[in-house]
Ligand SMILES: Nc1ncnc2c1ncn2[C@@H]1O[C@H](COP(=O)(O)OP(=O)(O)OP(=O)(O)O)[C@@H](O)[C@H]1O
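The chain that follows stands alone, in the form predicted alone, written as structure tokens.
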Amino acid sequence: MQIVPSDPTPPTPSGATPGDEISCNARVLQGEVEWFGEVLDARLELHFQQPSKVSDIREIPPPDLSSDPSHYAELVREQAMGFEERLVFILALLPHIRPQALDTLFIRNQNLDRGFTEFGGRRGSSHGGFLPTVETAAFLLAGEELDRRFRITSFFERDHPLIRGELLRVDIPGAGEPFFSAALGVTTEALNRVTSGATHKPDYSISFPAKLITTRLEWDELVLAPEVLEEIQGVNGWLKHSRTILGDWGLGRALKPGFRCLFWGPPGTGKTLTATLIGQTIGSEVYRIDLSMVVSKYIGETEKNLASIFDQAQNKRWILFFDEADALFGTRTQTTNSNDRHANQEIAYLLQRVEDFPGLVILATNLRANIDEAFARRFQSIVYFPMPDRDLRLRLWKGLEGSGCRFQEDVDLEVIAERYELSGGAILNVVRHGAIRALDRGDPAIGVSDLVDGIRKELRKEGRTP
């Protein structure tokens, strides 16, 4: 199985060391901040009908970044930002890089003894500076011109490149509040890129209940039946060729860009490892969703938690892995009360988000029958991970021996593989148990009794008779 390397991180400016990279970003942002200051001064002069060197803020050109190597300049070119997009983007960045640049907007309306409504803005719970809102951006770009104010509304809609590309973040205001009072911010990923050049990886938290999973293993160390590997190769093939299929072949008009897989089979048969290796193959992070933090008994909370995950992953190359997925993607029930309706609404919401997600979603479960049929019909690939047969079990045992694990000379791995039906995960547990026993008694190798004792423990865990 061919591994195609890919680097999802932003490119480093040519010839730059990490220190030079930060200096390069700082230099170009300094110029952008100075330009913003000129535009803000001009807007205030025009708004209060004071003498100004310009009759329109657009007469103040932004710095030329056409050949600048900084990450900020690369982002401006990638998004084809014009005057207005750059002004809004640097406005959202300012509280992080030069908060005092917005202090001018704290000036008070002496007639009303409060701030100017048209400036928008808000105060944070701990930040002492001016935090911009959509109203602030509207004031800068439109002043009191209603037609321009109406036009810039599109800047803050979901399909605008600044939002779709996850550069800007607009926090929708509460019920009854004007849309322009929405807080305007920059995403953590965009902030990191234009300052340190680093790629943001979210931490496991209440707002992001998912963990990044990795492995040091390679494909040739994954022991699966040939028919299973063939199915997995089909998934890898889609990830490798999807752009060509959707774009060059024109199937994007009929096919959605996402891909949905169901991995099912007994525990320890390689479902999680396979998902991790798929991500390793294409250079994508794999996030395992913690369903214990997603599912909530409170109405609307489960959907909110899921939205947080899908929204953050929407335009990235992440793979979302739902382990023990039947806890969330289970079969819908007959509606007899409000709880049933709520549960069915959650599944309907999941179905919509999974189907609209442009990347790879993998659901894993021990029993396929536990997954709602509405989901099953929409999987592009359903892969069964069976218990390994005798030959595969022998490969697993010998693979551990070849990696440095020590067995005593009287250990016959062929007999053990023949006699005991164990999954790959169970075999690992047996070897761990045997290694502990051997080292506790000062033995440098695992004996037959160590393995047999470990096998008995594993079989009892599974409710089987040793």
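Since this is a predicted model, take the numbers as computed values, not measurements. Residues carry their position along the shown sequence, with the first being 1.
If you look for the form predicted together with this ligand, you will not find it shown, but the lines that follow are about it.
Is residue 425 one of the residues lying within 4.5 Å of this ligand in the model of the complex, judged by heavy atom distances?
Within the cut-off, so yes.
Indicate whether residue 396 is a 4.5 Å heavy atom neighbour of this ligand in the model of the complex.
Although this ligand is absent here, residue 396 would touch it in the model of the complex, with heavy atoms inside 4.5 Å.
Is there a heavy atom of residue 229 no more than 4.5 Å from a heavy atom of this ligand in the model of the complex?
Taking the distances in the model of the complex, the answer for residue 229 is no, it never comes within 4.5 Å of this ligand.
Please check if residue 261 has a heavy atom lying within 4.5 Å of any heavy atom of this ligand in the model of the complex.
Outside the cut-off, so no.
Within 4.5 Å, heavy atoms only, one stretch in 178-186, 371-379, 160-168, 221-229 touches this ligand in the model of the complex. Which?
Looking at the other structure, the answer is 221-229.
Candidate spot 236, 284 and 383, all three touching this ligand in the model of the complex (heavy atom, 4.5 Å):
No: no residue has a heavy atom within 4.5 Å of the partner.
Among the candidates 267, 99, 173, 257, the residue which, in the model of the complex, approaches this ligand to within 4.5 Å (heavy atoms)
Spelling it out, the residue with a heavy atom inside the cut-off is 267.
Looking at 73, 289, 273, 319, which has any heavy atom no more than 4.5 Å from this ligand in the model of the complex?
If I apply the 4.5 Å criterion carefully, the residue I get is 273.
Residues in 351-369 with any heavy atom within 4.5 Å of this ligand in the model of the complex
Stretch hits: a single one, 366.
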